[in-house]
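Let's start with one chain on its own, the form predicted on its own, as structure tokens.
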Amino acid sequence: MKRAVAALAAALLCASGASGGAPPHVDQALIDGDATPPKLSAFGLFAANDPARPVASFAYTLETPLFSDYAEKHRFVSIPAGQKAKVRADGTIDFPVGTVIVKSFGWPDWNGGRPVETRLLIHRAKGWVALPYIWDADGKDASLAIAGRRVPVTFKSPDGEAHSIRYGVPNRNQCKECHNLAGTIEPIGPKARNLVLPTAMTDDAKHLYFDNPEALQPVMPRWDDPTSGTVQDRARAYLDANCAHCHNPQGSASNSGLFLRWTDPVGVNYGIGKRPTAAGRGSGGMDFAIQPGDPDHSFLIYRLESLDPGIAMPELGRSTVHKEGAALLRQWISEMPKGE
């Protein structure tokens, strides 16, 4: 999978030409306006509307991505010509108005590897707008799905287990819920600590799209690569990518008091010895989100391993349990000294 992602990243970079902004056949006027076209092809983000031929300013991957039912995700950004992004002091990225962040979801063993959906996050003058598009059966275009949809898909996870699920494409309100930060929609994946640009991208090309590309420092490890960090650091990277977009002081789960950003201190507010904020099925009758040395009595694990809609965390974006991710967090908690 890593080789496939690297090859796609190189292809995306070639598609961009690294020549100073999105090529002219991207419909920048449509991107900048208020319209929500019923077909993805209207934006001109893919040459001949072929998802394998993106019109990209640059591609990117993430050191540790959000788990989405084992889907492979292909990501790129379109920035209007002459504009640049800037890394803020807190590590978030200020993308200029007119930017489109594009993410396609699919499985290599389903429907010939063609994507199921492509999500757009468009930075317009009034703020960010999230638009989900589901690819039509013939793969020639994708249709706007404001109300979301369940799409039946079959695939195998890395351990060879076969899955048959109704994959959930989020509706517009669900997009807003995950991307909410202090009441506004914001990108959640591309942050300086997690974003990785293609190795083939030259310094000159980076300076075409960023005021300060030297600030792009992906300090988070890969959650699934033991050589990239300690068990704790990899577990924290996993929680940052999968939970912290809601579990932060300005996110939709701020009232939980559970804050799981990479930058948050590992203490009570990180779940260690933290009691539930409200009684309910979500705690499974357990006392603490994280019970050091005892993952079986840590309701953080209980919720990650559940598919019950009233218990499962994250609440959106998965119809399967990420067994490998849960195993990492179990190892982390098991290795904590009891009574920590």
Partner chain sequence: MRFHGFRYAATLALVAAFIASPAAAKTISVSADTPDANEKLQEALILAEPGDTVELGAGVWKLTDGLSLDVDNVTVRGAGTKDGEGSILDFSGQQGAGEGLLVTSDDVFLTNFAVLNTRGDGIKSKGADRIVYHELRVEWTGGPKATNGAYGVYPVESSDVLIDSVYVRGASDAGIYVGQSRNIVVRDSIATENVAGIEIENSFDADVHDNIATKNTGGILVFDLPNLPQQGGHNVRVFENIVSDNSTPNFAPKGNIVASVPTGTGVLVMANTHVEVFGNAFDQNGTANVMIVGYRYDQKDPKYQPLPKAIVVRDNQHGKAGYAPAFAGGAEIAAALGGAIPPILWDGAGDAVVLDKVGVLSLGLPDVTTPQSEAKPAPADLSKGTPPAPLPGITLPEAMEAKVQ
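Residue numbers count along the first chain shown, from 1. Every value quoted in this text rests on a predicted model; they were computed, and no experiment measured them.
Omitted from view is the form predicted in complex with its partner chain, to which the following refers.
Asker: Spot the stretch among 141 to 149, 110 to 118, 67 to 75, 87 to 95 with residues whose non-hydrogen atoms come within 4.5 Å of its partner chain in the model of the complex.
Answerer: It is the stretch 141 to 149.
Asker: Answer yes if any heavy atom of P218 is within 4.5 Å of a heavy atom of its partner chain in the model of the complex; otherwise answer no.
Answerer: P218: no, not in contact with its partner chain in the model of the complex.
Asker: Using the partner position in the model of the complex, report whether T277 sits within 4.5 Å of its partner chain, counting heavy atoms only.
Answerer: Looking in the model of the complex, residue contacts with its partner chain include T277, since a heavy atom lies within 4.5 Å.
Asker: At the 4.5 Å heavy atom threshold, is H207 in contact with its partner chain in the model of the complex?
Answerer: Although its partner chain is absent here, H207 would stay clear of it in the model of the complex, with no heavy atoms inside 4.5 Å.
Asker: Even though the partner isn't displayed, in the model of the complex is F259 close enough to its partner chain, meaning a heavy atom within 4.5 Å?
Answerer: Answer yes; at least one heavy atom of F259 falls within 4.5 Å of its partner chain in the model of the complex.
Asker: Can you pick out, from Q232, N171, T263, S228, the residue that has a heavy atom within 4.5 Å of its partner chain in the model of the complex?
Answerer: If I apply the 4.5 Å criterion carefully, the residue I get is N171.
Asker: Note which of A200, V268, V196, A81 lies within 4.5 Å of its partner chain in the model of the complex, where distance is taken over heavy atoms; exactly one does.
Answerer: Of the candidates A200, V268, V196, A81, V268 is the one lying within 4.5 Å of its partner chain in the model of the complex.
Asker: Answer yes or no: in the model of the complex, does its partner chain come within 4.5 Å of a heavy atom in every one of G251, D308 and E315?
Answerer: Contact check passed for all of G251, D308 and E315.
Asker: May I ask you to list the residues of 285 to 303 that have any heavy atom within 4.5 angstroms of its partner chain in the model of the complex, in sequence order?
Answerer: If the 4.5 Å heavy-atom criterion is applied to its partner chain in the model of the complex, 285 to 303 yields G285, M286, D287.
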